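Coming up is one lone chain in structure tokens, specifically the form predicted alone.
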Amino acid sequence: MARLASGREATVLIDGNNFYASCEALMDPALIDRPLVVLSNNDGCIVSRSAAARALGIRMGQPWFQVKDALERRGVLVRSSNYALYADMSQRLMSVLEEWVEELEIYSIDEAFGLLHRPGPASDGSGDLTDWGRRLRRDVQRRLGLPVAVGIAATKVQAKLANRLAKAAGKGMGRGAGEGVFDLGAVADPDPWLEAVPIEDVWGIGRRLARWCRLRGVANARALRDLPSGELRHRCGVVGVRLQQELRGIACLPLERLPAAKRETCVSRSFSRPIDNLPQLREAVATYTCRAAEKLRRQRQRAGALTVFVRSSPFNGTSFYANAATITLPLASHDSAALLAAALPLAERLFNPHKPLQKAGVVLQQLQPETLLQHHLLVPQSPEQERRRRALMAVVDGLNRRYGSGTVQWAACGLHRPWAMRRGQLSRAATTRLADLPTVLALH
């Protein structure tokens, strides 16, 4: 998209509405406008709700087993988390958003900050970006079928508030709220809008800080903005002052154009049922290690150390067991074979036949760029060996991206995994797996 005329900078926050539930409805039109919830790992808790489910009063984080019968009687539909689908739709969403803003910071799987310039001064109303936001929403809906909300303001914290106001339909916040787009920087008087946002809903305000504010009569975003800076600095330090300055329209949190390099990469899961034998634990650790290695290669990093951890159920009382083991690699690597050779012996050290395990994980540490490799005198590796291994990993990753995760995998990961994450209501990953593409029968 063409750069807007020079003027005041505006920060935009684009947020997918009920993202997981919206992705599920996109793949199955029968779910549109129906009450739908998406569950967490092992079908544990509710982590996403459609608008219709929200209207029924269903709360985030509710354990599914506690409300299953009641929601079934009310006709609420259920889906297990389909991470392959959500990640792919997130990438598509961010690709579209890059066309609409001058700079983009991907903040989470369904949120991104953008930077652009207002086309004119605020006094004549030409700087209002509401129409721009509406066009963006229509374009995302047309190309991806996903609903988004757009908040526009002078700073990141204000953009977060504006995004919340854009979703605030039916909450008595006045004209302009709840329409999917809200430009806080274009309103004549922002104070009433800031008063409408409770202190608990201000970005960066946690539970304890919200309680501290309430005890001092600071109940909303406007009151926090007008709180004496010295008092806030004494309680929160420079972080609190930056938050207050952002509320005042002074940008203190610049867009992160390039994400910071990761210091650790972790893959962990709870098992669908406790593991009480070593072969299954080895399969789980191998599976998580290979997944972590894929992430590492995508991040263009190598790991210099690896940690494996295990634990039993925390509800076992006195029989609770948790342990971890770490190994330093002689040669930093992102090769699945090298990482498996390091991780599997650790799994054997951690296994306790008298302690059924509920969870395990692998943490890759001492990460460094893949372009830097400090060789080891006692572990020779020629440039040709390195090139061949890197080419092999690229082929494996390419096949798994094209035909679906697990198309090519290591034998140590096993074929039948009774411990694998429970996802009884899993939908198709039709955007990333050829086998999941819907079949259309044409009648002559």
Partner chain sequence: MHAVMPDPSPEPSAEPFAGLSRRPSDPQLTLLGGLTAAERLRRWPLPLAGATVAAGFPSPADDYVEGRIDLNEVLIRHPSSTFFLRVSGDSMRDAGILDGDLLVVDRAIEPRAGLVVVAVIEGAFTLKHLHRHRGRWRLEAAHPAYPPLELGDGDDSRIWGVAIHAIHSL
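Residue numbers count along the first chain shown, from 1. What you are looking at is a predicted structure, and each value in this text was computed from that prediction instead of being measured. Heads up, when I say rigid core I mean the largest set of C-alphas that superpose within 1.5 Å between the two forms.
Another form, the form predicted in complex with its partner chain, is not on view; read the next lines as being about it.
The stretch that touches its partner chain in the predicted complex, counting heavy atoms within 4.5 Å, is 251-259, out of 227-235, 212-220, 251-259, 272-280.
Of the candidates Ala51, Val67, Ala412, Val47, Val47 is the one whose heavy atoms come within 4.5 Å of its partner chain in the predicted complex; the others do not. For the residues Trp132, Tyr288, Trp193, Phe351, the 4.5 Å heavy atom test against its partner chain in the predicted complex is passed only by Trp132. In the predicted complex, no heavy atom of Ala186 sits within 4.5 Å of its partner chain.
Although the partner is absent here, Ile205 sits far enough away that none of its heavy atoms falls within 4.5 Å of its partner chain in the predicted complex.
When contacts are judged by a 4.5 Å heavy atom cut-off, Leu357 does not count as touching its partner chain in the predicted complex. Residue contact check for Gln425: none of its heavy atoms lie within 4.5 Å of its partner chain in the predicted complex.
Although the partner is absent from the chain shown here, Ala30, Leu116 and Val440 each have a heavy atom within 4.5 Å of its partner chain in the predicted complex.
Along 76-92, a non-hydrogen atom within 4.5 Å of its partner chain in the predicted complex is carried by Ser81, Tyr83, Met89, Arg92, in order along the sequence. Here Tyr403 counts as shifted, since its C-alpha moves by at least 2 Å between the shown form and the other one after the core is aligned.
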